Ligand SMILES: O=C(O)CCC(=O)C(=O)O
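Have a look below at one chain only, the form predicted alone, in structure tokens format.
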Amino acid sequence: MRASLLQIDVNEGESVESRRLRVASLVREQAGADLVVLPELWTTGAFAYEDFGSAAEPLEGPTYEAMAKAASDAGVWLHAGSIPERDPDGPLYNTSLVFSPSGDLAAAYRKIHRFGFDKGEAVLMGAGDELVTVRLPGTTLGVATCYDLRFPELFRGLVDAGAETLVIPAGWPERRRAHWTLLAQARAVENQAFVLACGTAGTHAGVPQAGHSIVVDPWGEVLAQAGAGEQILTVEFDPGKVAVTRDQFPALKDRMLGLTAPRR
């Protein structure tokens, strides 16, 4: 499987409309990939809290339309990162969109763990309450977003639902970049799954972004990692390695906690 992670620079001098067009063009350039992944809140910037309300869109808004068309034009599965979604009957949500190669919406995931410690996203957006997986030819994606990376129980739930490749768009700050790499590898090792974690570049509301998008295999080996600026990280990996790893080192079968009955 060939995956391309688009580490987008969210520059405050670029309008949302201009960036949307530019990113759609970048997605189209990935024709030939199996999966393309965008970062979290790349339309506004993950730390641009004051813009969430004005930039919020209905689920099937302009970003949805642009990304559906780009996925169809390129013929790729597209995890289009996340948008600030305005639910007409509720609060804002940090919502990820996954499109099929035909441009159809395959899944939408509302971020469960909101960052901010009673500020920012944590108070401006509602929390999702559903785990989301997406079946692709050859692998099943488990969908999570940024701060979710710190909560291993979410990923174990995704694995229980069949996930083999964990996809994590993020707007992760540079000052905690060491955690980004460490946690991506930890989630891969403990779940014996591939991790594709795509971050933003640039500076959002004065917060420098970590970049350093990363792809990790089920043994925790880093297959590829980006630098700090905008770039496209492309990697080929064998989804079949998940089953082989889980068979060779069947640690998941020895779980005792969080189960209704031991798997022995």
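Residues carry their position along the shown sequence, with the first being 1. Only a predicted model underlies this, so the values are computations on that prediction, with no experimental measurement involved.
What comes next is about the form predicted together with the named molecule, which is not displayed.
For this ligand-free form, the site is classified open because the named molecule, superimposed from its arrangement in the model of the complex, keeps every atom beyond 2.4 Å of the backbone and C-beta atoms. Proximity to the named molecule in the model of the complex holds for all of Phe47, Arg150 and Trp172, with the criterion being a heavy atom within 4.5 Å.
In the model of the complex, the named molecule stays beyond 4.5 Å of every heavy atom belonging to Arg135. At least one heavy atom of Phe115 is located within 4.5 Å of the named molecule in the model of the complex. Interface membership of Asp217, defined by any non-hydrogen atom within 4.5 Å of the named molecule in the model of the complex, is ruled out.
Taking the partner from the other structure, the named molecule in the model of the complex has a heavy atom within 4.5 Å of a heavy atom of Lys111. Stretch 115 to 123 is the contacting one of 80 to 88, 97 to 105, 190 to 198, 115 to 123, since its residues have non-hydrogen atoms within 4.5 Å of the named molecule in the model of the complex. Only one of Ala184, Ala71, Leu141, Cys146 lies close to the named molecule in the model of the complex, with a heavy atom inside 4.5 Å, and it is Cys146. Contact annotation for 176 to 195: a single residue, Arg176, has a non-hydrogen atom within 4.5 angstroms of the named molecule in the model of the complex.
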